[in-house]
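Starting off, we have a lone chain in the form predicted alone, written out as structure tokens.
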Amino acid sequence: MSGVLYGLGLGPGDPNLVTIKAAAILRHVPVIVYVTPMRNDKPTVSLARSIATPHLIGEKKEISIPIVMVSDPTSGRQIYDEVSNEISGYLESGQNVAVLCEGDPLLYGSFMYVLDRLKDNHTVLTVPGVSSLSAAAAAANLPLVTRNQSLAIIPATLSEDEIKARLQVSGSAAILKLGPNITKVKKVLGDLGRLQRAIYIERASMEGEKVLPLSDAPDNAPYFSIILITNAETD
């Protein structure tokens, strides 16, 4: 009998935000898979693996996905092909496999690349997790949308013109994937007259969490940071 492939959303960083369902799977699954970001050709700490640590019991087979965070997806495709083939071997032998994802697996989650390669030939169960967007709003005590409002999720990696165009047709917005792109985003929001309403949240739910007016935010933000601009009506 083939094993089950789990896509586990582990939340934004605080291990206490891992769902009961995900924690139960972590305790019993024999194989875990997680992305390890590469920097200067060296692996860094996997946040997903760190979140999972308190919930792991016993020995696990661990498969790391070494990914260089660059815009060209070519090398990433090859790595996901190789890792998916390895995962498939464990599933075909009857072992369950869990792919660990910070936040939610299907919101900018790495699991989607494994899912796309394996879903047609294996049983897959995706377990949703608390997203970084939800954690950021909670950290700032900031309602995202109310009544008939809508919310745009915008990657800061887009061009200045594209970010501006999307903000012009949205009420509330969350801007992710900041890093050095934060300077570009500040300029766009300044041009649109929305800078003063923008809130910067860094490392939501984790040690070192910061909530600041965007105008006070650093010029080179870490990856785990979000900008929220909301027009929620609470009266």
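Note that residue numbering begins at 1 and tracks the sequence as displayed. In this text, all values refer to a predicted model and were calculated from it rather than measured experimentally.
Missing here is the form predicted together with another copy of the chain; even so, the following discussion is about that form.
Q) Heavy atom within 4.5 Å of another copy of the chain in the predicted complex: which of R194, K210, K60, K177? A) By the 4.5 Å criterion, the partner-contacting residue is K177.
Q | in the predicted complex, Y113 touching another copy of the chain (heavy atom, 4.5 Å) | A | Contact with another copy of the chain, yes.
Q. Going by a heavy atom distance of 4.5 Å, is V169 a contact of another copy of the chain in the predicted complex?
A. It does: once another copy of the chain is placed as it appears in the predicted complex, V169 has a heavy atom within 4.5 Å of it.
(Q) Within 4.5 Å, heavy atoms only: does S88 come near another copy of the chain in the predicted complex? (A) Close contact is absent here: in the predicted complex, S88 is far from another copy of the chain, nothing within 4.5 Å, heavy atoms only.
Q. Wondering, does S215 line up within 4.5 Å of another copy of the chain in the predicted complex on heavy atoms?
A. Contact check for S215: no, nothing within 4.5 Å of another copy of the chain in the predicted complex.
(Q) So, a 4.5 angstroms cut-off on heavy atom distances: do all three of D14, H55 and R147 pass it with respect to another copy of the chain in the predicted complex? (A) Judged in the predicted complex, D14, H55 and R147 all sit within 4.5 Å of another copy of the chain.
Q. For the stretch 18-52, which residues lie within 4.5 Å of another copy of the chain in the predicted complex by non-hydrogen atom distance?
A. In sequence order, V18, T19, I20, K21, A23 come within 4.5 Å of the partner.
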